[in-house]
Structures are given as structure tokens and as C-alpha cells.
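First, one chain by itself in C-alpha cells, the form predicted on its own.
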């Protein structure tokens, strides 16, 4: 049994009375690491350490903070391959996708390295003489963060990096399914010279360590909370934050529409739909949930789509680097996904492809080989005959499942796309610029692609949703700075006397009134 890895609190490794194991999602016999399970007192201790570190870190010049994050980017670049392999080993993402997710963190460090020199305020003209008005961005304080397992480096970087560059300190509870990746990631901040306590990491499950961190808002130990995960948990966090007058960052679930209109390039649309549905085994918040297809091309699209789905390669990504997707991240995700097989047929939907869990007795032609019982692997699953009122259409299915929905025309497609409670990502395939314009103007989603997938992000573009997919906050780019700073307005009067704006302001005195009617 390996030595348990302790929490990272105030620059020290802190052990716990209980531990938990992280095992490879693709091979349960592979023990990745043993980790301390945080107690409530240890989570509180991490918040205290972050509060103490805030004094020094917030006073560090912003360009210096940015340069340190640049060093983190350098370390990530150096360790890109080893980190990608660790991501694949621990949570099952393909190596190609894992490398991309590490690159996203590198890009984020690069972007915010330079933002350390651009945390601009403004100078504002005063209505009084001998007075200067200025504004400054100020850090909020201690930020509590909980992140999910499907992007164990990219998504934490979206939160940790901008929080740190703006002068905040952090208490981070990563997913217990990606604890090893989180530990390796955090150690690179330590290597770069981040002061002790500026980034604290507490390990454990959502029901214990995660709940304890949420409780810290009620104890007044946090000034901000950032969360990526389910809408149900996001509502809980939003409620606790609201009663403490905090504005949380909530990046939640999605039931993302991908619309294929009658003039679309079918080959391009099929490729985009397959990747949108099955990348990371459908375990993305931006995964396509409903492919909405215009009636005149529905049959042609479905035939090509099912053909590509039947060719998908599935298996352990470490053993088979050519697979399109790997295992479920954990057993709970698999069981939740398996339940959806009982929804469709009672509502009138048709199972066009898929047979639940992949086993040695029941495997698709694309199974890459090896023992499927070593992890939880799911058949790529396609439903047809799905209507907007059905549970399959409405609820997020976190796994390799997609609905193909027939509509007639662009307006019906937009109506169907908006007929869910979520509003994270969306896509439309069309060569008609008017239809593309109508779609991007009327779709209820925080992100839209035209002739591209529902998945994917770039470090300098805002990421986030509307409706049940979030609370209007955004990750990435300059927009995220609003979430980790507040504006301070400074009124600097050098007149040496009391000046009362609005009450003593001397505007130009008007001359005699002019009768416009008499001029002509």
C-alpha cells in the first residue's frame, strides 16, 4: 500500500485519520494513489491558512503574480505528456483529449500571465475642480472551489489561475476521481514559487470534504465560491452563497442541441455530431444531448450517422491509443447512465443502437480488446423517435447517448433546441447565412458554434451558460476577471476645502432664453 498523500494546507502536508483510494477508471486493479480524506476541521484549517496568505499575496504586484503563473505554464508544458498520461490513467480520457486538456491549462497560464500587466482601472473626470476620480480592481479574498473529474486540469486552471492573478487565495476541493491529477497540478504551483497558503488543496468526496467547504460560507471564511458540476448541487451552493451575499461562479449541466439544417454539408455535420455526442464518452457538460435534424435530410443523416457510430473504437485509452472514447469515470456515473435505458421505450422512443454495458458477451464491433470488466464501458447509444416532451429529450444523460430528433425547418429546429431547461452550448450546421444568423440570435445558450461541434473551448473566449446551466457568470478570457475582483472607486480631492458634488457643482450659466419660433 503506497503512503497516503496528505492535504496541501499552508505549505504543509496534512494527514487525516481516514483515507480513500483512487483507481484507474479503465483498469480497477491499477491503484493510482491513496489520499487523505478531509475532516471539517482540516477544511477550516485550509481556509484559515488561505486567509493568512491573502495578506502577502494580495500585496504582491500583479505583474509579479502574472510572471509566477507564467512559470506554472512553463512547468505544465514540460510535463504535458506525463500529465496527459496521468489524466488518461486516472479518469479515462483518451490521450489525444488529455493532451488537449493540459494544453488548455497552458494556454490559460499564458493568457493570464499577461493579464497581470493589464488589470486596468480607469481615470474618470470629476465635475468638481482639483479632484481626481479613479477605479481599481481589488481581490475578493479567499475563494472556495470544487471541480469535476471530466476535465481535471483544464477546468481547475480556469478558476485557480484568474483567482490567483487577481490577488485572491484559494481552497480547492478537486474531484475524488482525479485526486492524483490534482495533486500533480498543485505541486507545479509550489514549484513555481507560489507562497505557502495561497493555494490549499483538500481531498475527499463531495458529501464530506465538498460539503464542509460549502459550510465555510456560513462560517464567514470564504469571500467567493466557484463550482463546476451538476445543476442540483449548483442550486445548493447558490442558496448558501445567496444568504451570505456572495456571488458564486456556477458552471453546471447541459442538454445541448446540435441542429442540422437541410442545406448542411452532411459529412461535416455527421463528424461534428459524432464527436459532440461521444467525446470523453459523453461525459462533458457540453456534450450534445439532442441532434435535431431537418426533415428533408433526416433519413440520409441518420444512415450516415449510425454508420459512423458503429465504427467507433472503444476501450482502455492507455492500452489502445486509437480509441474514440474510454470508460466511465466511475461506477456511479455508469449506473446513472444505465438507468436511462428504461426511459425511452415507455415514452415511445426507439432504441436504434446500443446495448448498455459492454461485456465480453456483448461488445460492439469497435471494441478494442481486453477485458471490459476491468472498468465500466458503455455501448454508444442512439435513440430515434424522440420528442421534446420526453424525458430522454429533457434530462442530461451523462454518458455515450444521443437522441436524433426530426423537425421541419429552421424555426421548428430553434424551438426544439430551446425546449429544455438548460442553456449551455449549442451548434448549427447550415450554409445559409440567414439561418445561421437566426439561430445564433434566438438560441438560448451561452455558447454557439456554426458548422462546428457543441464541445470545445479556448482560453480567451467566455465559457458558461444560461437557464439551468449556470448563473450568468463566465469562465476564461477577460470576462472571468469580474468574478474574482470588485471595483473600488477612489475620490481624491486636492482642493483643500469641502467640495459637495451635485450641490455645489458650477455648470455654465445659460444666457437669455431663445424663442426658436421667432428665428424663422
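The shown structure was predicted, so the numbers you read here are calculated from the model rather than taken from an experiment. Residue numbers count along the first chain shown, from 1.
Below, we refer to the form predicted in complex with a small molecule, which is not included among the displayed structures.
Residue in contact with the small molecule in the model of the complex (any heavy atom within 4.5 Å), chosen from 62, 32, 457, 36: 457. Proximity to the small molecule in the model of the complex, defined as a heavy atom within 4.5 Å, holds among 258, 155, 102, 145 only for 155. In plain terms, the part of the chain that comes close to the small molecule in the model of the complex, with a heavy atom within 4.5 Å, is 278-286 out of 278-286, 233-241, 335-343, 404-412. Heavy atoms of residue 463 reach within 4.5 Å of the small molecule in the model of the complex, making it an interface residue. In the model of the complex, the small molecule sits within 4.5 Å of a heavy atom belonging to residue 151. Interface residue remark: residue 228 is counted as part of the site for the small molecule in the model of the complex, having a heavy atom within 4.5 Å.
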